[in-house]
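What follows is one chain in structure tokens, specifically the form predicted alone.
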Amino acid sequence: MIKSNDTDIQIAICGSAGDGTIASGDIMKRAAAAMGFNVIAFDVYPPEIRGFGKCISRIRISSKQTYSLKQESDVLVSLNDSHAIPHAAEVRDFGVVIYDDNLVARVAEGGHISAHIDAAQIPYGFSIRQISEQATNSSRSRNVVILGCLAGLFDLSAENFHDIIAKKFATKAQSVIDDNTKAFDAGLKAGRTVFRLDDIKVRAGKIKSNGAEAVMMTGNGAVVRGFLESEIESYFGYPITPATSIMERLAVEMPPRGGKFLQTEDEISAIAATIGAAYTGSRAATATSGPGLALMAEMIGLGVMAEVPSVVVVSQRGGPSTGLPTKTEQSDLNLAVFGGSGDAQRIVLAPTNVEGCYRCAGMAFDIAEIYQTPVILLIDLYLSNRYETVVPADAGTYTPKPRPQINLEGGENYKRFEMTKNHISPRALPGQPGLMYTATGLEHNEQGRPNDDAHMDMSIKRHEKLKGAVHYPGLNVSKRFGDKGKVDVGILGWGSTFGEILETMYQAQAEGISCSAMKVVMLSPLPLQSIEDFFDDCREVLIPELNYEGQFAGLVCGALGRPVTRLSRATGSPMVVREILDEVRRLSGREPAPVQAVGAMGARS
């Protein structure tokens, strides 16, 4: 819970592609992390391929643990008034709007952001373009000038900004570093000369744990780190937003480690190569988004039938079809859990934050190999691109566990799909003497030979063996937060939305509402007992999620036959804390929620 004397400031920088909006946000969040603050940041890109649209970089900087971005920002910086004007109303009362007050051309009436600043907001006009030109003989450094203005306005460490600027432009000529440093210092001087009237305070941060320095990571970057630490050996991928950066990072990191990397011609080739490499014993993975997963469904079914361990990362975006490539959504849950012909249950993990991406990716290969099945790591664009400060685990946390060895003499009647007590069969790798078997997509007997009569027994085997996964050591397949015992309202969530759920729960508790929250990380198989126990303790259960159908609510209701209240949103943006809180208040009997906070899919089911 953030207290009044803690630092908790959210900055939104808004401009057009080409203004350096994302670059300035990147410098700001990395400098704040270097100062010891907890940081959550999320960038919004234009959908246009050529990138002429709006860009927004939002950075939340806090001296305490936070779980999501705030709905209202404390500071809005306008690098392009036409794009920033629609977001002026998102600045809180007594918040700051920073803009260029020395224009070089006339604008139409209402075309300048100063005309849209509320009386309760505080305007700060700087000659941003002029300061840039005087410092560097160019207006291209406006985005760095405003960083200096912010640092001067809120007394942030210039040294940290200088270091981050030098690192960001390290591959450029020294003159580029010098010009950007000059631009920052000129903005810093201007920011320090302004009398501050707002109530924003920035105090020293400190987020060191066990001697480890916190680092900035995106969800995709955390997946890469988890893969590398768990010794990934083969990766096959095809570019698709928002999963592409996983492939790009592994293309750089894997070859020096002796890994095998290949960009394939399409998603079908990528999953086929992944399963083929995994069949030989290689730790193999691919990454895609919803449209790519749809193409991969048949080959994932082969992985289930042939019991081949592999890992597939799915970063969800708005759908169906091409949908909303640069917007977030949680609408591929049904596809991840059920997609494929026949009964093709696989393991599906859905981390809830950046650190969770790191941990789940680090464990995914071990889980896949133990249960001999594909593992889907289900994230989304919000989580893929969101930056958070993360304290890495101790070295060796994800050192691969010894792989099961089969000690059979050559010529023995090896049963690759033997019916064992735990339904997990001894797995041989190609080339082991005397351990040949048939790996096929046809139904088969214990030796792997096609056999229709074995279908019932093998179906039982493939499903029953996965039940042990809900007890996998070190993985929180579900976890409860907040009030213990019986509560008025329980909030059940999954994936990136859980950050907003936690923020909601803490605010509800501060209002005196008896409230708990539970995250579910393993979506297949579901940890039914812990979910059932949670339902037993909650008078009302609310499930917020970023899709129209309420897919997770449908999954839980179908498994338990228990009623829930759905709060389903398909806006392309992260869930809004205020909407969840309004519904919690309504369910607790405190006050009714506005009609628009419930919506078409806000009904009880």
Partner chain sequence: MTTTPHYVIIGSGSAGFGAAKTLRTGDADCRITMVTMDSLPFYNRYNLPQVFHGRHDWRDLMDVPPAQYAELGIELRRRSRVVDVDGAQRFVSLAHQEHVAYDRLLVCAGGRGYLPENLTEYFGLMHGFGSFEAAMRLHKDLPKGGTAIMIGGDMTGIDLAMTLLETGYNVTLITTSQTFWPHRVTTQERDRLLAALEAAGMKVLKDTRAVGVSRENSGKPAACVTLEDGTEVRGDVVMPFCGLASSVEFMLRADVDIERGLLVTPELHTSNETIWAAGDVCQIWHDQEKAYKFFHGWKNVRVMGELAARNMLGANEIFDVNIEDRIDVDADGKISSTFWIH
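Numbering follows the first chain given and starts at 1. Between two forms, the rigid core is the largest collection of C-alphas that superpose within 1.5 Å. Quick caveat, the model's predicted, so the values are computed rather than measured.
Not on display, but discussed next: the form predicted together with the partner chain.
Stretch 119-127 is the answer when you ask which of 334-342, 481-489, 413-421, 119-127 has residues with heavy atoms within 4.5 Å of the partner chain in the predicted complex.
A heavy atom within 4.5 Å of the partner chain in the predicted complex is found for one listed residue only; from Gly512, Gly110, Pro86, Gly474, this is Gly110. Proximity to the partner chain in the predicted complex, taken as a non-hydrogen atom within 4.5 angstroms, holds for one residue of Ile177, Ala294, Val194, Ala428, which is Val194. Looking at Val104, you'd find a heavy atom of it within 4.5 angstroms of the partner chain in the predicted complex. Although the partner is absent here, Ser82 lies well away from the partner chain in the predicted complex, with no heavy atom inside 4.5 Å. In the predicted complex, at least one heavy atom of Ala115 sits within 4.5 Å of the partner chain. With a 4.5 Å cutoff on heavy atoms, Phe94 counts as touching the partner chain in the predicted complex. A movement of the C-alpha atom of Glu532 falling short of 2 angstroms is seen between this form and the one not shown when the two forms are aligned on their rigid core.
When the rigid core is held fixed, the Cα atom of Gly191 travels 2 angstroms or more between this form and the one not shown. With a cut-off of 2 Å and the rigid core superposed, Gly152 has a Cα displacement that reaches or exceeds the cut-off between this form and the one not shown.
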